[in-house]
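We begin with a single chain expressed as structure tokens, specifically the form predicted on its own.
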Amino acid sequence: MTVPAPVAAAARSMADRALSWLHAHRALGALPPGTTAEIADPDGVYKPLGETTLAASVILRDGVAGPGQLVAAQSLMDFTWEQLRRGDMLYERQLRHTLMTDPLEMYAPFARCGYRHTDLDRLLAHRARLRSVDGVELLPNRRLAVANAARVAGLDQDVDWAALTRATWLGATPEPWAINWITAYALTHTVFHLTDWGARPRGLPAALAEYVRTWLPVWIDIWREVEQWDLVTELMIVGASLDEPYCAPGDWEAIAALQHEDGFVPCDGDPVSDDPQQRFKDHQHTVVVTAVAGSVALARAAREP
């Protein structure tokens, strides 16, 4: 199964324009002056900063963007790395809060692209050997997130990927009509972490890949109908990450048509704020997943014979 030419064309436009928007608006995602490792609201700016880093790292990893876009992705990585004080903030946060997983998860995209922090590397290696860390209670898809971050960061680990997968909603191959909004996001992230954002398509067991490929068209149609564009785009990343990609031209062309000329993509069908800061806060994640979706689909197309 190949990535159709119309999908590749839409993916190129989506990825290039989304990256341009993220780069042009990067200052809106900066941490407030004086931010320390004791972040009061991690979801406010800190987490979105990590999401921007992820998008840039996937684009650099895949290497299918044009030279100018690769320069922009590298610039974004440099910006977010400086925001985190070149890894010092992540090190301090992990040192003070042993059981927190976000420093590792934030660090992994940087490590993927060669940004290393020696003290954090040593701390994470030590932390990985602690029974208390291994026993932290997380949602199943979140355990996969941490395991994949450790894999990307190059940490030695003994992970039973099959057991982690079975513990997820997707791992039970449940009744497909029972899915809801939050479970759909959990499903997408199960696939993201098992496949490392499309780089390891066979990381998703064959039986689960067949289940997803059967029902993905239905799920995408449902959330297209109610204009949940953020979730639709995440589901499109899932399709592009399968061993046999599912990439329906109509889905990709719909998001490409929805995307503004400057690269902005609305998260849903609700009115968009005119305030630049609010606009960034509400829709930055959707632009991130649009950039990732485009890069993953292009990479899959490039790897096909």
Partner chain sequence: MSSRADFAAAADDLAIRVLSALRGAGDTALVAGHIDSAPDALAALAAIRVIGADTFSPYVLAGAPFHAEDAAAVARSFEAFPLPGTGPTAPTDERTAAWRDWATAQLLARVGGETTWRVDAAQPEDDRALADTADWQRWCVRMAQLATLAQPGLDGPVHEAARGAALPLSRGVTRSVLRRDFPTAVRLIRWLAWLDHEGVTLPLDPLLALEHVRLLGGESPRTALDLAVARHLLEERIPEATQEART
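If you're wondering where the values come from, they're calculated on a predicted model, not measured in any experiment. Numbering follows the first chain given and starts at 1.
Unshown form predicted in complex with the partner chain; subsequent notes refer to it.
- Listed stretches are 113 to 121, 150 to 158, 218 to 226, 198 to 206; the contact stretch with the partner chain in the model of the complex is 218 to 226, by a heavy atom cutoff of 4.5 Å.
- Listed residues 179, 164, 89, 72 were compared with the partner chain in the model of the complex; 179 is the one with a heavy atom within 4.5 Å.
- When the partner chain is considered in the model of the complex, residue 175 lines it closely, a heavy atom lying within 4.5 Å.
- Among residues of the shown chain, residue 214 is one whose heavy atoms approach the partner chain to within 4.5 Å in the model of the complex.
- Taking the partner chain as it sits in the model of the complex, the stretch 69 to 99 never comes within 4.5 angstroms of it through any non-hydrogen atom.
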